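We begin with a single chain expressed as C-alpha cells, specifically the form predicted on its own.
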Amino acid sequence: MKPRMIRTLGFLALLLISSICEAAIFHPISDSHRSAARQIFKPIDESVNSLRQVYETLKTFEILGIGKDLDVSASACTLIAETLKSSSASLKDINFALKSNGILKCKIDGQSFEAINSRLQAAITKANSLLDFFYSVGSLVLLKDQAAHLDVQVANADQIFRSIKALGQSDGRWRYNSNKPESSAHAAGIALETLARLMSLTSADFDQSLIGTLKNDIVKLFDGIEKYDDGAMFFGDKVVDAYEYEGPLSTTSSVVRGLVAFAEVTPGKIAVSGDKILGVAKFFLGIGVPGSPHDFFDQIDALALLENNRVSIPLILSLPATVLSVSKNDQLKVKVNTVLGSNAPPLTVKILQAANHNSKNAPIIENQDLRHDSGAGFYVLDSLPKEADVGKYEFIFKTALNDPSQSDVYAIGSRTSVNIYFTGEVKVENAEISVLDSDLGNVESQKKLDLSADSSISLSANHLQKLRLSFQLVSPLGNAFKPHQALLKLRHETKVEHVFVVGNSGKKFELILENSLFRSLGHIDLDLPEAPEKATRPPLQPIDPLSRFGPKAEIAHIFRAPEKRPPKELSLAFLGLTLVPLVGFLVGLLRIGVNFKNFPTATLNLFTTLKYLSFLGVFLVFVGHRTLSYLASTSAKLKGA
C-alpha cells in the first residue's frame, strides 16, 4: 500500500469585480498633443529635403503655440529659395515652398517671385487635372500675399471655375480628372478649396446660381457622411486606385479645408447642420494622438479650421473624471470648451437624467442645473444624491447658450450621454468556510471568517471531502451586491497555485469597487493519496537563472599516474632480438646460393588477381563454415548444461 501524503496549501480568496469600460468621452487638444508633437516631428535641418514635411511641421507647431520650441535652421530657407529659383521644380513643391515661406518669412528676391508668377499663369491655362488647378491657384494666392509688388491676376477666371465644376458629381463628390470616372470625398475637399482660392484672386462676379449649386453639392456630400455609435462622423472613400486613395483622417480633413475655405468667400450660410460639424470634431478628437507626422498635421490643421469658421464652431463637453466615490462624496465636474481648448461663451449645463444601467428604479437625478465655477471654468454638481450607490450610471447632459442668437455660430449638440461609474466601500459579511462530506453534503466542520480583522484559520480535509466558501457583499447603502466574478486560489507550500471559480447565481454586473478583496484567509491541510502513475504532475518550479547559468565551482582534474616502464636500453635490446631471425633467414639464403636477380618483377593485373582469389575464396568459405559451425555447437552445449 502506498504511503499517504500530507500537504499544506496556502488559502487565498480573490474577488474580481468587473473592470470599467469607459464610454467614449472627447477631450479638447491639450498639453499631451504638444508634448507628442515634439517627439513625432523631426527637427528641420540639412537632412530634411521634403518641403511638405517642412510646412506640416511649421504649421502644426504654429497652431499648437509651440513654434518657439522648434529649432529651424537656415537650411529651411535655403531649400525654399532654391525651389523657387529652380525652373524644374514641380507645382507641388512650389506650393509647399510658398506655404512654408509664409510662416518663416525668408528673404526671396523679386525676380524669383516674378518667374514663379509667369510659370503659374502658364500652368493654369494648361491644367487638365484637379491637382494641377489646386497647386497653381493655391500658389498664386500665396504669391499675392508674399509679393505685394506683383499684380497677380487670373485671366478667364469664370472659365477655369466652370472647368473645375465640371469634375463634380451629383452626390457632391469630385473626380481628379475627366479621364477617370471614380469620384471621392477627398477630391471634393480639394475642389472646394481650389474654387474658394480662385474666387479670392479676382474681383469678377461669378454666376450665383452656380454658387448655389455648389452649396447644394456640399449638403449632399455631408448627407453621405458616415457615423460611429459614439456620435463621431467622418468621410471615407472606396479603395479604387491605391495610389490616389486616402484614409478617413486625410479625407475628412480635406473636406473640412474645402468647406471652411468656401464658406469664407461666399455670402450666406451653408446648410450643414451643427450636429454634423460637431460629429466631425468628435472624430478628430477621438483619434487621440496620431502616430505619423502627416496624420498629426491633418488632425491639428482641421481642428484649427473648426475652431473659427463661418459654418459652425463646435463646443466639446468633457469630464475630468468619470469614476466618482460615493463614500468620499466626490464632486461631479463638467467642462465645455472649443476643440483647441478655448473657453466657451456663457452657457448653462443641465443634467436631464441620471439612472443606473442595471436598475429599473427611478432616476437619481432629473433636470438639475450645474453650478458654474467661473474661476476654475467647471460646471459642478456639489454632492452626489443620497440614492447613489455603487454601479454604472448613464448621465444625459444638455447644454444651452445663454445668448440664443449665438446658436447659429456654435454647435453644442442636443444631448450628450456619458457613462459615469460610482465606486464605494463594499463590506464582506457572513463569510465562512465549511468542510462537507462527499455523500450527503453534511457539514462536518465550519469556521467563520472575520475579514475586518487580520486573522487566519486552519482546516483539515481529505480527498473524499468537499470545501465550501460562502460570503455576502453589501454596498454602501446596504444593498446586496453581486460581484462579476469571485475566484478561490489554493497555493501549495511549493508555491504552485490552483484557481477555482466561485459560483455566482446572480446576474453579471459591470461595476468596480474601491476595496477589491485579495488577501490570505488561512491554511488547510489536505490528506491526499499518492498520485497515480500517469496523473498530471505539477509544473516545474522556476529555476533561479543565477544557479543555472551562473559561474560553477572550479573543476580540478586529477590524472592517473603513468605506469612504470623498463629502461630504454632494455627495450632496444629486445627489438634487436626480434630482428635476429630475419637477418639469419637472409644470411641462409645467401649461403645456399639463392640468386635474388631471378625474382619476378612483373605485377599481377586485375583479372589474374581475381582468378587466384576465387580459388582462395572457395577454400576460405569451406573452412570458415566448418569453424563457425563448430563454435556454435560448442556454445549451445554449454548453455544447455
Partner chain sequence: MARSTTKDAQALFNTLRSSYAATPTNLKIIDLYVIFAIFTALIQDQGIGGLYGNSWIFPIQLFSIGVLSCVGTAVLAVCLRIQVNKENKEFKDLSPERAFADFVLCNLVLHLVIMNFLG
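Note that the coordinates shown come from a computational prediction; the quantities given were computed from them, not determined experimentally. Each form is matched to the other, and the largest set of C-alpha atoms that superpose within 1.5 Å is called the rigid core. Residue numbers count along the first chain shown, from 1.
Although it is not shown, the form predicted together with its partner chain is what the next lines describe.
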Can L570 be called a contact residue for its partner chain in the model of the complex at 4.5 Å between heavy atoms? yes
Would you please decide whether Y612 lies within 4.5 angstroms of its partner chain in the model of the complex, comparing each non-hydrogen atom pair? no
Is there a non-hydrogen atom of Q39 within 4.5 angstroms of a non-hydrogen atom of its partner chain in the model of the complex? no
Although its partner chain is absent from this view, report whether T578 comes within 4.5 Å of it in the model of the complex, heavy atoms only. yes
Checking R560, H149, K564, K552 against its partner chain in the model of the complex, the residue with a non-hydrogen atom inside 4.5 angstroms turns out to be K564
Heavy atoms, 4.5 Å, its partner chain in the model of the complex: which of 612 to 620, 29 to 37, 61 to 69, 588 to 596 makes the cut? Say which one. 588 to 596
Just checking, between this form and the one not shown and with the core aligned, does G576 shift 2 Å or more at the CA? yes
Would you tell me if R591 moves between this form and the one not shown by 2 Å or more at its C-alpha, with the rigid core held superposed? yes
